[in-house]
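The chain below stands alone and is given in structure tokens; this is the form predicted alone.
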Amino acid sequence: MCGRYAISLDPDQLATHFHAEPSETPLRARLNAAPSEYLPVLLNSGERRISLLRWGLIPSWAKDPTIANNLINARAETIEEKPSFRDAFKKRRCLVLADAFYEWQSLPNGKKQPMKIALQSGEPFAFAGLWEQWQPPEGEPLRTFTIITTSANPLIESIHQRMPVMLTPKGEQMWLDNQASVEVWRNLLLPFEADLMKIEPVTSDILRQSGM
């Protein structure tokens, strides 16, 4: 599961790194991005512009938006089967922009230590995500996203059995390529290379922040 992550890069630097136009809505750096917040993503819409979508997928057919509470993640192994994800996998993929994510390590004393997981290079990266647009009974359409998870790599598995799907720059392009095949997209949903990642403990104070 991926329930918290960080995206703290300056908005202009973020746009430059991902070769995208900056968001039309001002971005705010976040040390502790959480479900239900509006966060930066790149959609497979053909427009290379950062957009802010709400974390927690609401399928277009949903009657109740509270379904989003249970759809912050999508398991790679079942996205082609689950009604909540299978259509989005074929038609509505996105890059969820980040520079770290968090998991909690169980300690011998029964407490849990928050651990920050990032690239050794310190550069931002993208999770593989899915997005949807939902029309409430009243008001404007709402765009939401979920983060795809897969089995943990050797670095993460001592903390958690699963990890978010992190894409290489080449994988990012393939994930947004609407002309690629389902097989190509499926083959991207693998654990990231452990040797390129690092883990470090952080204080619980960081995880109490919704942003900075």
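Treat the numbers as computed from the prediction; the structure is a model and nothing was measured. Note that residue numbering follows the sequence shown and begins at 1.
As for the form predicted together with the DNA, it is not shown, yet the points below apply to it.
Proximity of F85 to the DNA in the predicted bound form falls within the 4.5 Å heavy atom cutoff. In the predicted bound form, no heavy atom of K90 sits within 4.5 Å of the DNA. Contact annotation for S51: none of its heavy atoms lies within 4.5 Å of the DNA in the predicted bound form. In the predicted bound form, the DNA sits within 4.5 Å of a heavy atom of R162. Figure note: of the listed segments 92-100, 136-144, 71-79, 121-129, the one touching the DNA in the predicted bound form, with heavy atoms no more than 4.5 Å away, is 71-79.
Contacts between stretch 95-123 and the DNA, counted in the predicted bound form as any heavy atom lying within 4.5 Å, involve W104, S106, K112, listed in sequence order.
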